[in-house]
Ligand code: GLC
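What follows is one chain in structure tokens, specifically the form predicted on its own.
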């Protein structure tokens, strides 16, 4: 009879049964004093981790998810490059563990390993100044070589540190070579049975290179070309998808979307063939960091039960942007000014939006065309529209707190965190139904939702959602109900961490 595949629920039941048996065989006093063994041990490999080095949402995930998992009887440790941008304050807290040399084709490169403990998580840093002492995290001519080194260094570090994981959790193309190199380390006892999870945060960036460099840069034999090649290119993400035990995306809807050629950037045939190992888990946000009740960065604190302070926050943002304080609804957009973020939907309807009584404040940088369009709109409609062409995290938080409406009409959005952050501060989101936006925002048209959604990627569909929001805004009791539901929506990492825990247990216990 075929062996039944273990599920996450089976794994949890088995763990519970073992824990019960152990408890019955141990004296009560010893049971109370003995620390519970973690249910699963995971090394979380990421090219960026907040607060050490960050350029986007991946850093927020890597900086928060392990914290919450470790509160749920897991032992999740994080490994990342020691970039030049890591501050001296963090470096002073690190402990040097050891060093080794990593072979990559004809090169043998130094690899220092440092350790730091913070918020209940152990972090390991891979040191190599040639590769990581740079002004930026990405966009270098040798990114392929840099992150191939990092991927192999992760495995070499595991051979030397006092940690034996059940799973290595890889994230995006920068760590996609870990499952590839891991094949050559199965002779190492602690790595013989380790499994891998590969998370796709954004399928657009796959790590694509000329097949000519397979041996010289990645140190792989020509026999690996079929594994490493997709559509005529070396494709690191493709190899990780093929070799990993499980693959997941950062929202359930995105897991389905990437099976469609419109979203997959060419990988849909591969993913359809491996759909049995694909799932989606919605990201979350850190409720300790994003908390209007305690946040010192906003003009006044408030809560879902007492929202009076939000008016002071709105006055603060209106003053900052030079907008009239006349009671109109304030819609804000905080984003890269690129078409992927939907600014090409907002630009054509701005005249009508302003004429119909909605104020707009925009913060971001991006394509020069859109920077110019929104700057000209600011000059054309003083008091009603204002654009700040800048990247300013402090100001963005004040905008989350002070706005009435948050605009996120993205063309694609694997998950998105900004809409969750806005909701946490009682700013009602308007989003297009795609990816994680679809999973995290429910339209209030049914009387139960906390935002406004639209489906078609068309300017006037966005306009219709904005007019619906404006009309509801003037029904104060109804608007307050929607705002309260947004603030009370559970988008915390606690929920997502439980889903990852069960996924880890499923991987660990599946033969």
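Residue numbers count along the first chain shown, from 1. Computed from a prediction, not measured in an experiment: that's the story for all the values here.
Another form, the form predicted together with this ligand, is not on view; read the next lines as being about it.
Colleague: Considering 201, 397, 77, 388, which brings a non-hydrogen atom within 4.5 Å of this ligand in the predicted complex?
Modeller: Filtering the options by heavy-atom distance leaves 201.
Colleague: Counting non-hydrogen atoms within 4.5 angstroms of this ligand in the predicted complex, say which of 182, 241, 250, 361 makes the cut.
Modeller: By the 4.5 Å heavy-atom cutoff, the listed residue in contact is 250.
Colleague: Looking at 67-75, 153-161, 416-424, 296-304, which stretch has residues with any non-hydrogen atom within 4.5 Å of this ligand in the predicted complex?
Modeller: Correct option: 416-424.
Colleague: With the partner left out of view, is residue 61 within 4.5 angstroms of this ligand in the predicted complex by any non-hydrogen atom?
Modeller: Answer yes; at least one heavy atom of residue 61 falls within 4.5 Å of this ligand in the predicted complex.
Colleague: Can you check whether residue 57 is within 4.5 Å of this ligand in the predicted complex, heavy atom basis?
Modeller: Residue-level check for residue 57: yes, a contact with this ligand.
Colleague: Does this ligand get within 4.5 angstroms of any non-hydrogen atom of residue 340 in the predicted complex?
Modeller: Output for residue 340 is yes: heavy atoms within 4.5 Å of this ligand.
Colleague: Using a 4.5 Å heavy atom cut-off, state whether residue 235 contacts this ligand in the predicted complex.
Modeller: So residue 235 does not count as contacting this ligand.
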